[in-house]
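Okay, here we've got a single chain as C-alpha cells, the form predicted on its own, with questions on binding and movement later.
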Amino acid sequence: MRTKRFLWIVARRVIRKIADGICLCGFAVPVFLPVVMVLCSSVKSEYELSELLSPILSSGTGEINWQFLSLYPTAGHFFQLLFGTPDFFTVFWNSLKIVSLILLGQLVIAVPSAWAFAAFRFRGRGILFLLYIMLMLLPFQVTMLPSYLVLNRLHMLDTHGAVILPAIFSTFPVFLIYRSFAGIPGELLEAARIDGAGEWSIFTRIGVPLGSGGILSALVLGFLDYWNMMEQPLAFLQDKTLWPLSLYLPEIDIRQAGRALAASVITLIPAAFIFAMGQEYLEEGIAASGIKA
C-alpha cells in the first residue's frame, strides 16, 4: 500500500509538472512567435520578401503566405544598415545617450529620495509619498501639456534635455527602490547610529548594498522602458537628427522591409542583453516591492 501511494504521489507530481510546462509553453509561444518571425525574416533576400509581401506592397489584396525559413538567406540587410545608412548610427547613439543620462540622473535623484522615505520619519511623509504614488499613476497624456509648457519656458524644446529631464524625476523608480529599502530592518540602522555611524555612512555602507536588488531592478526596467519610448520624443523633438531609435523604425518605408527587419533585430539586441543580465535582480526587486513596509 505504501509503495502504491508513493508511486501515485510521484506520478501526480510528474503529471502536474508536465501540465505546468504545457501551460507555460502555450503562453510563451504567442510571445516568442513574432520575435522568431523577425529573426528569420531579417535574413530573407529582397526577392523573397517582395514575393511574400506582394499583397501588401502592390495590390493590397490577397493573403500573405509566410515562411519561416529562407531559401536564399543573406546578411545583406545588416551590411546595408550598418555600413550604408549613416543616419541609423545617429539615432542609435541618440538612444544610448538619452537612456544613459536618464538612468544616471535617476540614480542621483531616486536613490536618495527612496532612502529618505524608508529610513526617516518626518512630518508630512505619508502625504508626500501618497503624492508620489498619484504621480506614478498619471499617464504621459495627462502630464504632456504641463511638461510642454515648462520645457518651453526653459527653452529646452527640441533638445535631448526635453526628454531626459522629466524622466529623471520619474516617481516609479523611487517607489520601487523605496520598497527595497523598506525591507532593511530598522534595528540594524539604529545599531549603526548607536555605534557612531553617520547618516551618509549608513546610506552608502548599509542602505545601498542591501537595497541593490531594487536599485538594479529599477535600472533594468528603466532601460527597457526608455529604450522603446516613443511618445516623449515625438512630442518634444522636432528635429529628426535628435530622434531616438524607437522613432527611426516607423520612418522606414514598407518597401524597405529587409532593412526594417534588420533594424528591428539590432534594436532588440541591447534590450535582450540587459534583460538577460539583470533578470535575477529584476526578480529580487519585484519580490521586494511586494513586502509590506
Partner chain sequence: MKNYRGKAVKGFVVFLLIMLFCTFVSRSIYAYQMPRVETDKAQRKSISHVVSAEGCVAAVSESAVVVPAGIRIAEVCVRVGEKIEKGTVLFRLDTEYLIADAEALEDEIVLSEQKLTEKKSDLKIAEQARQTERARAKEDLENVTRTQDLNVGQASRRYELAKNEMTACSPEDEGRYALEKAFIEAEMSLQSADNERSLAILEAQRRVEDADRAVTNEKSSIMEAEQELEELQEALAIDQGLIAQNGEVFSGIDGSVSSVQISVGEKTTDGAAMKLADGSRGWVFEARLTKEQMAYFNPDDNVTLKFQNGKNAVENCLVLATNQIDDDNYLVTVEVQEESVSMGDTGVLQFSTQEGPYECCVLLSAVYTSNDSSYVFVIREIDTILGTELKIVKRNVSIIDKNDTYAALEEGSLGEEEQVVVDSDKEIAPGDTVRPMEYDY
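Source: prediction; values computed, not measured. Numbering follows the first chain given and starts at 1.
Here the subject shifts to the form predicted in complex with the partner chain, a form of this protein not shown in this document.
- Candidate site formed by 117, 120 and 226: none of these residues places a non-hydrogen atom within 4.5 angstroms of the partner chain in the predicted complex.
- For the chain shown alone, residue 234 is not a contact residue for the partner chain in the predicted complex, no non-hydrogen atom being within 4.5 angstroms.
- Using a 4.5 Å cutoff between non-hydrogen atoms, residue 93 counts as a contact of the partner chain in the predicted complex.
- The partner chain is not drawn, but in the predicted complex it has a heavy atom within 4.5 Å of residue 269.
- Although the partner is absent here, residue 86 lies within 4.5 Å of the partner chain in the predicted complex, judged by heavy atoms.
- In summary, among the residues 188, 144, 82, 128, the only one with a non-hydrogen atom within 4.5 Å of the partner chain in the predicted complex is 82.
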